[in-house]
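Next up: a single chain in structure tokens, the form predicted alone.
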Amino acid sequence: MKSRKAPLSVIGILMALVAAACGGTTSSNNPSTQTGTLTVWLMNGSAPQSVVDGVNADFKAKYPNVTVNVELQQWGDIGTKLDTAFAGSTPPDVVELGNTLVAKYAAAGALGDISGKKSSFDNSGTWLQSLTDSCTVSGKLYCVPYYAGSRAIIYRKDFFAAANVQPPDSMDGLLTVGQKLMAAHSSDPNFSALYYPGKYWYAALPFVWDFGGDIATQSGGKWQGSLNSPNAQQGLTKLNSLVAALSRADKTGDEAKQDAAFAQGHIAMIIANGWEVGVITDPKAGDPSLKDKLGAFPIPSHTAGQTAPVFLGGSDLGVAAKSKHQDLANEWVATFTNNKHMTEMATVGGVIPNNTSMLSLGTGINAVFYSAAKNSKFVPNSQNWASVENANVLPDMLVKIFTKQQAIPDATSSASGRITALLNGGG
């Protein structure tokens, strides 16, 4: 008996059934026919709601049958929530990660490798280097830079004018200007020319890096703490001299309350993020009358005319390795980080965009912070870096130096030993 050819529709059904039996899934290249629900975790306050709404509207226009649920998370417990979510079978599809957290989850296999998709994201060729470094683990890309935050020195223009000084262009000049400000306010026992809380390790790193030092180095797969190197010690010595001469801040405190302190009128300079201007001038928490009295300048290098490298904080966007909608999740991330919405993040959100091509969007006082992002560095990109932060190694070292509990060689040697053990997975 002569066999008949099955209709193409029947063959298609059979192929689909075979694919399903083998664990495969069918998909369509037509965005309008794709379905599913994406769960996105963003940190509270990281993006204006109007920007998020615009991203979702653009995504919905392309994928009308895909639902996106954006859930806001809090920094205080995000580590615990991420640990739990990634250990389960249905983690959120897209997660915002503080840039120092990426290595931990990438090394654990929780994030999808998007190395082959890099060119599909806008401005990937000009992503900020420090954010790119934070997304890169063992040569593979596990996330997309989202936004950045850099530090500069916020100062009182009226105090500078009264003391007849200008923003300095070197660390030695910073000390000289500070000493003149201290003299001009000698009648105020609470005055600080440069207010520097003792545990403020983010602000200490520019001094270490500017002299050629670093937190740690890696060789042969092993980490070695290096804060006890001559260069790192030189930078910390310079910082110690500035703190001793110019700061009346609590040498055992942190920077959490420095904006409120600045607003009280007894401080000429602080090392701060750009968004802290808004806190200082907030009608409820600060002093709005200071708005026109504030200026900013980069943290100067010890080499006159240059600026010190700054720690580039910020966030990245990763896709869970267990996501059942990885392609759609990456499409959503691409939409959020495209030219249109990155511009909105800069102009509406007031944050530094994820690429050097848009740093010119910074205007006014923000321009200083945007420019500072060009010269930035990052902490050791180790899956165990979080252990160093949790152990307070850097804050404890600084407190010991500033309070004279230990000399700089002893404090840095102890900290370097601890960093070596923690980065290599020890206790």
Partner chain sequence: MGVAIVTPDLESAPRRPGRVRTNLLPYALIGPSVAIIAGILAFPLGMLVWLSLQRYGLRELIAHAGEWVGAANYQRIVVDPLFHQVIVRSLLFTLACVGLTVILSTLIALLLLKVSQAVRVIVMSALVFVWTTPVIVSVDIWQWMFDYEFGVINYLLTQLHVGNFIHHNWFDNPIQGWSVFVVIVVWGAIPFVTITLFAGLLQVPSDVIDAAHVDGAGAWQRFWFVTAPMLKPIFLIVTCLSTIWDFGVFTQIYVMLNARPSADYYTIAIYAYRESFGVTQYGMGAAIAVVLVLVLVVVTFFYVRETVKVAEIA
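Predicted, not measured: the structure shown is a model, and the values here were computed from it. Residue numbers count along the first chain shown, from 1. For clarity, a rigid core is taken as the largest C-alpha set superposing within 1.5 Å between two forms.
Here the subject shifts to the form predicted together with the partner chain, a form of this protein not shown in this document.
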property	result
Gln218: touches the partner chain in the predicted complex, heavy atom cutoff 4.5 angstroms	no
Contact flag, Ala162 vs the partner chain in the predicted complex, heavy atom cut 4.5 Å	no
Non-hydrogen atom contact Phe86 with the partner chain in the predicted complex at 4.5 angstroms	yes
is_contact(Lys400, the partner chain) in the predicted complex, heavy atom dist at most 4.5 Å	yes
Lys104, Arg248 and Asn392 all contacting the partner chain in the predicted complex, non-hydrogen atom within 4.5 Å	yes
Interface residue in the predicted complex among Thr343, Ser289, Ser115, Thr80, criterion: non-hydrogen atom within 4.5 angstroms of the partner chain	Thr80
Interface residue in the predicted complex among Ser120, Thr303, Gln166, Asn190, criterion: non-hydrogen atom within 4.5 angstroms of the partner chain	Asn190
Which of 223 to 231, 150 to 158, 182 to 190, 210 to 218 lines the interface with the partner chain in the predicted complex (heavy atom within 4.5 Å)	182 to 190
Heavy atom contacts to the partner chain in the predicted complex at 4.5 Å, residues of 135 to 151 in sequence order	none
Rigid core superposition, Ser89 Cα moves 2 angstroms or more between the shown form and the other one	yes
Threshold 2 Å Cα movement between the shown form and the other one at Tyr142, rigid core reference	yes
